[in-house]
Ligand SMILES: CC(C)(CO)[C@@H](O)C(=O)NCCC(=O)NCCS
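Just the one chain here, the form predicted alone, laid out as structure tokens.
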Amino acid sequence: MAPSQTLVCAAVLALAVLQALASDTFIAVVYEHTVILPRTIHKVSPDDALALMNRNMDVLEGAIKEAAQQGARIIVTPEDGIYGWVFTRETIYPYLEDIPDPEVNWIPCTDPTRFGRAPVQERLSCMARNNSIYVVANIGDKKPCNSSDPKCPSDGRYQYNTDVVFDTEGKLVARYHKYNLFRQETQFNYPKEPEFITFETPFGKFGIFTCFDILFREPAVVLATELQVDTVLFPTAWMNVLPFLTAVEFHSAWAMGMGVNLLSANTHNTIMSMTGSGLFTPHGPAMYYYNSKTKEGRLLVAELSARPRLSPNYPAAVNWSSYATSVKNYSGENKTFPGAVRRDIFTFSELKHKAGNHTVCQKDLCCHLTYQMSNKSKDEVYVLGAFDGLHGSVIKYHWQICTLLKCKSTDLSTCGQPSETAQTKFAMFSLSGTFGTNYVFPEVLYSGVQLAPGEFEVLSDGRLQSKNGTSKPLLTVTLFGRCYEKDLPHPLRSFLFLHNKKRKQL
């Protein structure tokens, strides 16, 4: 048999084996970890850095063993879960390792020194291998560079916030460098180009990105819509921001809006308002956890569809502006006033009656609401709000938001301020908007920052509506739109390039 025929036969056999092993469902786990932080803000020795990381990995190893015992095929651990986040560029360096491209076909557990000192990768690899489970973790990558590279930092190295994935044999199968750094992550560099990382398993096609990435087109939207992954792995260190950006509400909404599974593993730190992890699907949360009062993290386990797009009940495509554009402005009282949600100025209209129709517009966005309250509290005020504009102080990106929300108090000036509790239930609601984007994420949040799985639906004409009223008091109902094409150029990537170039010239 010719060599080319041998290769073809081997490839066909491998595909047949993969198909034979393929599963319609799989058990997945995310672990919300209370990270053990460094005791000093000063630079430490590599041995001291490893000692801290081993303390965190001791905890993660226990979670990995428990996940494997429950039949999990994959576990996701949080961003910053191995060393924390209290760093400068210099002080984080002892915590970093050289992480090679997965194409090198490397199992650190059996060949730990192939790419230099890599005790963290070795241990993670052994955790995966010894427990026959895919392990997803967030660590730091370092790459040397020199003056021939015009973007090389002055200290001669790149430092990246990095996700790694090890398969059941302990092999490194994915490495992702975070592309959208949060403004406080000055210890890391931006990759030169966004990375679109995917890998195949017998239980679906996976993609991966980190925390702040979820709010941008690259890589998040590309993975979900163009590369058609089934499941996104999402290590995060998410600081909750009501009324729209708490971890569980936005991550669940994103999974529904993009039509994929999202395995979201958050760090747990109540001082930093970090909590909220879950296994989210195109239909809503399979399992989630939000607790801002205790110091303990949580292991979350759920069985998910391996290929949700092939499911007969996969959500139909939605035209997010269809219904709203066909509606004429409702008649009746519709006075508006401005209100701030952090720095964003919304146009609000108070819902003065227990039932009614409302329309509120801002710029190109008009939001329509039909509602009926079942037990309106006299001490609570609700408004319909619209926002169409740029959000963010440094990195600015474009939102279109329609929201029904409870104000913090009966003082209208508090509308848009964070509120965690409510007393009013709704017999029905239907919210829609004239969105200029197909990327809209539906959120319903109950009192106590709780989700409402199974209690609302999105119709193909763009209406977000209740099924049988709300079983719990309501905080917000929101359609959160992202107009990626209207985002401003990223200021920090160009600034850092020019800053490094100027320093080298000096």
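All values derive from a computational prediction rather than experimental measurement. For every residue, the number given is its place in the sequence shown, counted from 1.
There is also a form predicted in complex with the ligand; it is not shown, and the following applies to it.
Which residue among 182, 199, 115, 196 has a heavy atom within 4.5 angstroms of the ligand in the predicted complex? Of 182, 199, 115, 196, the residue with a heavy atom within 4.5 Å of the ligand in the predicted complex is 182.
Taking the ligand in the predicted complex as the reference, which of 245, 361, 222, 152 has a non-hydrogen atom within 4.5 Å? So the residue touching the ligand in the predicted complex, by this definition, is 245.
Does any heavy atom of residue 368 come within 4.5 Å of a heavy atom of the ligand in the predicted complex? Flag for residue 368 set to no.
Quick one: is residue 80 in contact with the ligand in the predicted complex, heavy atoms, 4.5 Å cut-off? Result yes; residue 80 sits at the interface with the ligand in the predicted complex.
Consider residue 211 of the chain shown here, and say whether it contacts the ligand in the predicted complex, taking contact as heavy atoms within 4.5 Å. Contact with the ligand, yes.
With the partner left out here, check for me: in the predicted complex, does some heavy atom of residue 320 sit within 4.5 Å of the ligand? Flag for residue 320 set to no.
Tell me, please, which stretch of 106-114, 212-220, 162-170, 381-389 lies within 4.5 angstroms of the ligand in the predicted complex when heavy atoms are compared? Going by heavy atoms within 4.5 Å, the stretch is 212-220.
May I ask you to list the residues of 133-160 that have any heavy atom within 4.5 angstroms of the ligand in the predicted complex, in sequence order? Read in sequence order, no residue approaches the ligand (within 4.5 Å, in the predicted complex).
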